[in-house]
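Given as structure tokens, the chain that follows is alone and in the form predicted on its own.
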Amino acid sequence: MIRASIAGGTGYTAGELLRILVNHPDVTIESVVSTTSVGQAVSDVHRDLLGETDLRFTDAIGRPDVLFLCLGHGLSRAFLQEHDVPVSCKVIDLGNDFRNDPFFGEREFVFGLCELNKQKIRTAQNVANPGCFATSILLALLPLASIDVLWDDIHVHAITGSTGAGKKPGETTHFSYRDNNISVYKPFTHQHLEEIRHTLASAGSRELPSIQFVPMRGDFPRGIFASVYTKWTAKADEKEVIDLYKQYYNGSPFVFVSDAPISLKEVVNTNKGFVHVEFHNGYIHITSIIDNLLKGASGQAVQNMNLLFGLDETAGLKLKGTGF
């Protein structure tokens, strides 16, 4: 059995990890670390886990085989500095500390988008889990980047659920603000842009055009719907492009190309990503959907863990969707 520890155990991503790992056939949970809730029952914070686990929060990581870092952005490096984590322990960081700067002492982090770096992840020691917006947008664009047909500005409008802002309450996460409301935030400056640009550039061989990204807050708890378009000047027709997408994701157990238009609820509560491609007035338009807490965070982290330890990639991740 793989011994897993979770640092930052009271947040949304840690809660999702716990829900997956308590039922994972190959994992036992070594510890759930929290500096604010030591000694408290995990099920007192993650109430749906009542009856599922008797774990209590601790301030020690124990002796895990894999450590999941579910900390605030910028805190993972400090945690590794302050705690004695053996180099032999695999680390999966769900923050942004290592996505663009992968080195930390003896550790090197591989960017953990499984559909791009599966073979690298299999032989890695540490993984930088991609951001949720980055995952959805990259799934929409990677097949095109792989054949160097991204020539013109890329336009992205993507909307995320309230859980994307984390558990700590704020003015724009309050129910009275979110309910029946949509708003733009961090237009053209979102922190996931750097990893999106870097990853797309590494997937192809030509210079990447500008990416104009407008993120939006939605009035729903979970999920990301990304609408992506760019001018289409390549000679390939619609069928050839759709076939390209299907071939690109043929080896993925979780990403599927839909012939019909997609809607967000189709992937909520799953580790799936759905992509749909259409052409309109000289533009290619790709829609891409994921659950921000699963394929966009904790589900992908477990998928990475499965690859790191040579397990079936889908282990623990055959989750029931929400149809209505």
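On a predicted model such as this, the values are computed, not experimentally measured, just so you know. Numbering starts at 1 and runs along the sequence shown.
The same protein also exists as the form predicted in complex with another copy of the chain; that form is not shown, yet it is the one meant from here on.
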Query raised in the report: Which one of these stretches, 134 to 142, 232 to 240, 214 to 222, 103 to 111, sits within 4.5 Å of another copy of the chain in the predicted bound form when only heavy atoms are counted?
Result: 214 to 222
Query raised in the report: Of these, 181, 247, 88, 81, which has a heavy atom no more than 4.5 Å from another copy of the chain in the predicted bound form?
Result: 181
Query raised in the report: With another copy of the chain left out of view, which of 173, 125, 202, 191 would have a heavy atom within 4.5 Å of it in the predicted bound form?
Result: 173
Query raised in the report: Are all three of 261, 265 and 319 close to another copy of the chain in the predicted bound form, meaning a heavy atom of each within 4.5 Å?
Result: yes
Query raised in the report: Could you tell me if residue 63 has a non-hydrogen atom within 4.5 Å of another copy of the chain in the predicted bound form?
Result: no
Query raised in the report: Is residue 169 close enough to touch another copy of the chain in the predicted bound form, meaning at least one heavy atom pair within 4.5 Å?
Result: yes
Query raised in the report: Heavy atom to heavy atom, is residue 57 within 4.5 Å of another copy of the chain in the predicted bound form?
Result: no
Requested in this report: Look up in the predicted bound form whether residue 153 has a non-hydrogen atom within 4.5 angstroms of another copy of the chain, and give yes or no.
Outcome: yes
Query raised in the report: Looking at another copy of the chain in the predicted bound form, which residues in 33 to 47 have at least one heavy atom within 4.5 Å of it?
Result: 47
